[in-house]
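The data below hold one chain only, encoded as structure tokens and taken in the form predicted on its own.
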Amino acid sequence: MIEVKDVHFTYPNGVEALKGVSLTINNGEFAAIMGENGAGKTTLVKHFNGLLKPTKGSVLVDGVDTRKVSVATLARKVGFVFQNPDTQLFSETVEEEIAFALKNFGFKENIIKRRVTWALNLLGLVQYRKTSPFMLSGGERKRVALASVLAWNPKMLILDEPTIGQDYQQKEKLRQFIMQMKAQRRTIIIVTHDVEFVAECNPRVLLMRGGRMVTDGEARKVLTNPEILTQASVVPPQIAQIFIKLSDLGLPKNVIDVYEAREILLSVLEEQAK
């Protein structure tokens, strides 16, 4: 789905944000890009829908060089939800906001109504259908921005810090939806500092630092390696921290999921009770 080949990017002010990044993301893959502020995460994903073009190197999306097509053309395949929802909201009501892209893409009116209703229900926004997005809280505006992208069902979805401002219930709904999209062979990429959310999702993890890729691997392996995480200024999930210490007692240390942790501890208690 995405091929990034030795990409360098320098902003007009001279800041070199990407320094030779190469990676491949396959169709239907779920990946989380992590790292400290200024690592180049958002700069990188903005290359995936053509908002930014490489200073050097190339980016191919579904086989198409992003330098040769417009952002509008890529937008049909690549949905992008920004970290700050206010940068992409502008309609008078939530309903109109969600319907806007659908109308631009030429969907029929009955399909638009159905997709808008579906998105409102999915993200718990039904009661705000006729409300201005700018009257909502930051977390609610984030959900409106997400709904406006999900409504047209893009082949690839990029979410920049999707869990900011969301409570546990909304995070869990988001996680379940991501899993559904993955099962449908949709490509999902999230940029996030939320290591606990990543641990619950267990995606492929790409760690960045200083415009370069530090490591790339399964969440279970990356998030239980303190040495690698330190390089990218990422703190291990709480469950991982506990099991890294418990590994001295013979328990596995590559545990990041709370449900797996529960099963392991229950098994230990059952063995001790025998």
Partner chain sequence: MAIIETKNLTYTYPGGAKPSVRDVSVKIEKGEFVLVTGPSGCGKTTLCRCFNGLIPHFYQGELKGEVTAAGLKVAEQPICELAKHVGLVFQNPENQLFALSVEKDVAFGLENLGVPREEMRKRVDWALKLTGIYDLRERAPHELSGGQQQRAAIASVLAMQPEVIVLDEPTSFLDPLGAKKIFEVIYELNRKLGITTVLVEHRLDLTAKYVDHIIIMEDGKVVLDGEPREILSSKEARLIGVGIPKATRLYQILQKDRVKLGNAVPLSSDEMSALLRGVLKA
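Rigid core (definition): largest C-alpha set, two forms, superposition within 1.5 Å. All values reported here derive from a predicted model rather than from experimental measurement. Numbering follows the first chain given and starts at 1.
Below, we turn to the form predicted together with the partner chain, even though it does not appear here.
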item	value
Triplet E92, T117 and L122 all within 4.5 Å of the partner chain in the predicted complex via a heavy atom	no
Among 150 to 158, 133 to 141, 177 to 185, 107 to 115, the region lying within 4.5 Å of the partner chain in the predicted complex by heavy atom distance	133 to 141
Distance check, I25 to the partner chain in the predicted complex, heavy atom within 4.5 Å	no
Contact test in the predicted complex: A99 vs the partner chain, heavy atoms, 4.5 Å	no
4.5 angstroms heavy atom contact with the partner chain in the predicted complex for V235	yes
Contact label in the predicted complex: D248 to the partner chain, heavy atom within 4.5 Å	yes
Residues of 238 to 274 having any heavy atom within 4.5 Å of the partner chain in the predicted complex, listed in sequence order	Q238, I239, Q241, I242, K245, L246, D248, L249, L251, V258, Y259, A261, R262, L265, L266, V268, L269, Q272
After fitting the core, V15 CA displacement of 2 Å or more between this form and the one not shown	no
